[in-house]
Structure formats: C-alpha cells, structure tokens
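A single chain comes next, written as structure tokens; it is the form predicted alone.
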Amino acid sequence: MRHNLVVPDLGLGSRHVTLSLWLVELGAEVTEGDRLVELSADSVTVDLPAPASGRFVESLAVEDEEIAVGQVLGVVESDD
C-alpha cells in the first residue's frame, strides 16, 4: 500500500514554506513517526513524520522548493 507524505496546514498563514532538508534517502526503511523531511518558514522549522512504516520509495519535491498545504512530498510503501 502507498502512503502519501502530505504537507499539513501548519497554521503559518501566508508565510512561504520551503522544503529545507530530506532526512532520509530514497529506498530507506522507515517506521511510522520517523522524521522524513524538514520544512521551514522564516525562523520556524517543522519536521514531518513518516505516515506509515515501510520503504521511502518516491520523492516529489526537492530541497529549497517552495511548497503548499496539501502538496504531496513523497511516498512510503508498506507491505499491507
């Protein structure tokens, strides 16, 4: 099953949010809740967790890219 890593509403209003750093490499095994990516907006930094346990199989955004609420950043694939 594929699980999308989606940018939630961070409550930052109209601030520009960027993907600052991927914390895992493609193909890595992850556990639900592991930190996958770091986002930043001005002086605020937020880590997004893995949505499920499995393998990080797809990255759909690059570092320093401006992102939006609801955007899919990546995919974790699990065996279930």
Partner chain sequence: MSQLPAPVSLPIITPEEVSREAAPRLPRWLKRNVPKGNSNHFTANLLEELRLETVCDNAKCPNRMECYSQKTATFMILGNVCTRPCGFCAVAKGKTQQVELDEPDRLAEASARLGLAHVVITSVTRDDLDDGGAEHFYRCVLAVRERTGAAVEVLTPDFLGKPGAIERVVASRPEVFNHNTETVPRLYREVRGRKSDYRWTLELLRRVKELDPTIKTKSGLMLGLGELRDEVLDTLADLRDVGCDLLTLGQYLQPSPEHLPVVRYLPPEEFDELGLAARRMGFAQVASGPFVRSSYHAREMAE
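Positions refer to the first chain, counted from 1. Predicted model, so just to flag it, every value in this text is computed and none were measured.
Same protein, other form: the form predicted together with the partner chain, not shown, and the subject of what follows.
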Any chance Val44 has a heavy atom within 4.5 Å of the partner chain in the model of the complex?
yes
With a cut-off of 4.5 Å between heavy atoms, is Leu10 one of the residues that contacts the partner chain in the model of the complex?
yes
Is it the case that Glu32, even though its partner is missing from this view, gets within 4.5 Å of the partner chain in the model of the complex, heavy atoms only?
no
Contact with the partner chain in the model of the complex for Leu21, defined as at least one heavy atom pair within 4.5 Å: yes or no?
yes
